[in-house]
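This document opens with one chain alone, in structure tokens, the form predicted on its own.
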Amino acid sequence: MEIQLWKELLDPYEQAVSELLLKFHNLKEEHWKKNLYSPIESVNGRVKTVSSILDKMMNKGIAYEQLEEEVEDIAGIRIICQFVEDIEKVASLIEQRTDMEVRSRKDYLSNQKKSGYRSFHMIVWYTVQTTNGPKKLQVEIQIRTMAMDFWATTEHSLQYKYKGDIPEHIESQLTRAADAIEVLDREMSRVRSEIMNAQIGSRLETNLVQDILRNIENLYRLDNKREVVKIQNEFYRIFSQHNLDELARFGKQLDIMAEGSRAQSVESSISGRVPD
């Protein structure tokens, strides 16, 4: 048998995970920058260890030559959502992308495992560019809520500890915990709209404050310093009221002032005058 070059085999999968993490992080940030609710709460990824891959190959009788075809989850991405409804939204966003192709889906929400495991899995084809040319890889994407992830992480640790033979009394406790988590997800769905509105409002306020402070700093460099101090004090007064509409109006007024100061600065530079 030829030598098995594991690093050479796994390097493209490391690259795929790195690229996909960046893309999903950017997708989340794109929603927030547009003041939209993001169905992605967090994302992480990993490449299976060699020992884990070997275990799977031996348990399923997979030959090394069929490894990349038969082991679909060498590269794994886990997307965590706040609500069950977000899972379908994330799956839809993935299906619409042109940089990955969905090969298969496994719905463990509608078809919950006997153990209580709930999640939504997608196997996608993803192509990385290597020094040897493009390489098309399989990547498993798991989409689940925070509550589901807590349960799955705990159950995975126990499976590892007991080598897949969890004692019956612990299995019963896990089943009860899975039922409780399903109830929790349903309860959270009932207040989903309130939570979404609160988060969007908080993000909108954060973006407004950033824009206002940026304008104040620019005015401080270009305009009358005393007047800018007054503007800053007015900002603090409005901010203390936690009135988003007032803050937005103040921000628009400041945009106009900042634009006028920039125009005046340009005119002064052209004419050779220095602004006050």
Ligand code: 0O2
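Start at 1 with the first residue shown and count on from there. Since the model is a prediction, treat every value here as computed from it, not as a measurement.
Quick note: we don't show the form predicted in complex with the ligand, though the next part is all about it.
Though the ligand is absent from this view, in the predicted complex it lies within 4.5 Å of a heavy atom of just one residue from K135, R103, R97, H121, which is H121. Between the options R192, K89, R78, R203, the residue in contact with the ligand in the predicted complex by a heavy atom within 4.5 angstroms is R78. Mapping the unseen interface onto this chain, Q142 counts among the residues with a heavy atom inside 4.5 Å of the ligand in the predicted complex. When the ligand is considered in the predicted complex, K113 lines it closely, a heavy atom lying within 4.5 Å. Residue contact with the ligand in the predicted complex: K28 places no heavy atom within 4.5 Å of it.
Taking non-hydrogen atoms only, R176 never approaches the ligand to within 4.5 angstroms in the predicted complex. Per the 4.5 Å heavy atom criterion, the ligand in the predicted complex is contacted by stretch 48-56, the sole one of 225-233, 29-37, 243-251, 48-56.
Residues of 139-155 that come within 4.5 Å of the ligand in the predicted complex, judged by any heavy atom, are E140, Q142, W151, A152, E155 in sequence order.
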